[in-house]
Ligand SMILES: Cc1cc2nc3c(=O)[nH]c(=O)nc-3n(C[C@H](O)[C@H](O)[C@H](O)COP(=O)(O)OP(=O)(O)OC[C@H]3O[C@@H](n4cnc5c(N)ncnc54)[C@H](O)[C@@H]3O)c2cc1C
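Encoded as structure tokens, the following chain is the form predicted on its own, with no partner shown.
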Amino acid sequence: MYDAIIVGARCAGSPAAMLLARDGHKVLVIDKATFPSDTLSTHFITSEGVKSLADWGLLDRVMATGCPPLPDSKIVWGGVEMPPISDPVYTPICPRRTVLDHILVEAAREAGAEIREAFSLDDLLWEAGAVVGIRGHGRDGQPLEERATIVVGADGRNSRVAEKTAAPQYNVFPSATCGYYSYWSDFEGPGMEVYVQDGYGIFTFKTNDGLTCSGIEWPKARFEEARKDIEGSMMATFDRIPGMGERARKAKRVDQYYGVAGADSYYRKPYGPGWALAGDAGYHKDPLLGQGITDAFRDATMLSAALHAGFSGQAPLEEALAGYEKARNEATVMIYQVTNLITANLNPDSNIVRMISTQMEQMASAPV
């Protein structure tokens, strides 16, 4: 019998397991993947997320992989250049998920959590209307049941836990964009570039192994057109930024293109009888602003604290989880609204630019 079973071992699941295990709780983490492994992600981490890694004692491990800090940035919204993002202590980074997720999994294991890789969730176990455990299988295909006080879905926007608990969605914003990204060597330019204007969004981030992750978002209606000629669509959009097309052609693409047709943005109720959600399983928005990993880290911190309060008798578990939902929503509502406004047409007007500027100032001045 576990205190918590966490489904999903990446950026929300492993940190939550690590923190719960450090507090003395018995935790099982399952994931259908093995680690290290990659996943669809542009993997940018804001200063707040970097501060989380430092607080957990993991930042030095991440930086030791050769992940470069990103102290220099160029960010343009609707043709207006924003002040560069600058945090001399917690500088943004963009580690590959093959690197980051493996470090998080090992940190959870070191803290005492049990990790089962290549283990798939088949179903949830229910008793008297509450989740009491999981049924799953490993590589041998043999079914296995495990029980816990709570089952946490940290398994992404297509969460099986959210599906099987019918977690209600709210504040849904229909998908408005599509996009592709890949990796280049020798892509000249600052550590981070973001341009959102005239119906497109471009980002570039320096990452491990001397590579640059670069991608483009367009309105969703352009997905079929872009898919027919990804390279041509990418280069034609790079050409709209003076000098960027030339820089992209001088660089060498070293990986395939990864793309998505877009997914709705939403909040899900992140808890119920015997279950909870974290990361994209509970809250998802367009990836253009690169907030996903930071949001997952924040969820892991807040959810693990709520569960610890419930497990230790500091507060009724349902009350603690209601506080988690409230805190999550308060921390994300502004960036959620701004993201939806930006991606509605990828051409922010002066009012939206002012909102973005205000949001960036608030994020820069907030305690981290």
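Sequential numbering from 1, following the sequence displayed. Note that the coordinates shown come from a computational prediction; the quantities given were computed from them, not determined experimentally.
This next part talks about the form predicted in complex with the ligand, which is not shown.
Colleague: Have a look at Pro92, Gly292, Gly191, Gly215 for me and say which one sits with a heavy atom within 4.5 Å of the ligand in the predicted complex.
Modeller: Contact residue from the list: Gly292.
Colleague: Which listed residue (Tyr200, Tyr181, Trp184, Tyr266) meets the criterion of a heavy atom within 4.5 Å of the ligand in the predicted complex?
Modeller: When the ligand is considered in the predicted complex, the option within 4.5 Å is Tyr181.
Colleague: Which of these stretches, 63-71, 31-39, 331-339, 306-314, has heavy atoms within 4.5 Å of the ligand in the predicted complex?
Modeller: Result of the contact check: 31-39.
Colleague: Check Cys11 for me: does it contact the ligand in the predicted complex (non-hydrogen atoms, 4.5 angstroms)?
Modeller: Yes, contact at 4.5 Å.
Colleague: Give a yes or no for Pro287: in the predicted complex, does one of its heavy atoms lie within 4.5 Å of a heavy atom belonging to the ligand?
Modeller: Answer yes; at least one heavy atom of Pro287 falls within 4.5 Å of the ligand in the predicted complex.
Colleague: Would Ser120 count as a contact of the ligand in the predicted complex, using a 4.5 angstroms cut-off between non-hydrogen atoms?
Modeller: So Ser120 counts as contacting the ligand.
Colleague: Using heavy atoms and a 4.5 Å limit, would one call Phe44 a contact residue for the ligand in the predicted complex?
Modeller: Phe44: yes, in contact with the ligand in the predicted complex.
Colleague: Does each of Val7, Arg97 and Ala296 have at least one heavy atom within 4.5 Å of the ligand in the predicted complex?
Modeller: Yes, the whole trio is in contact, each within 4.5 Å by some heavy atom.
Colleague: So which residues in 234-264, when you check the ligand in the predicted complex, have a heavy atom no farther than 4.5 Å from it?
Modeller: Counting only heavy atoms within 4.5 Å of the ligand in the predicted complex, the single contacting residue of 234-264 is Val260.
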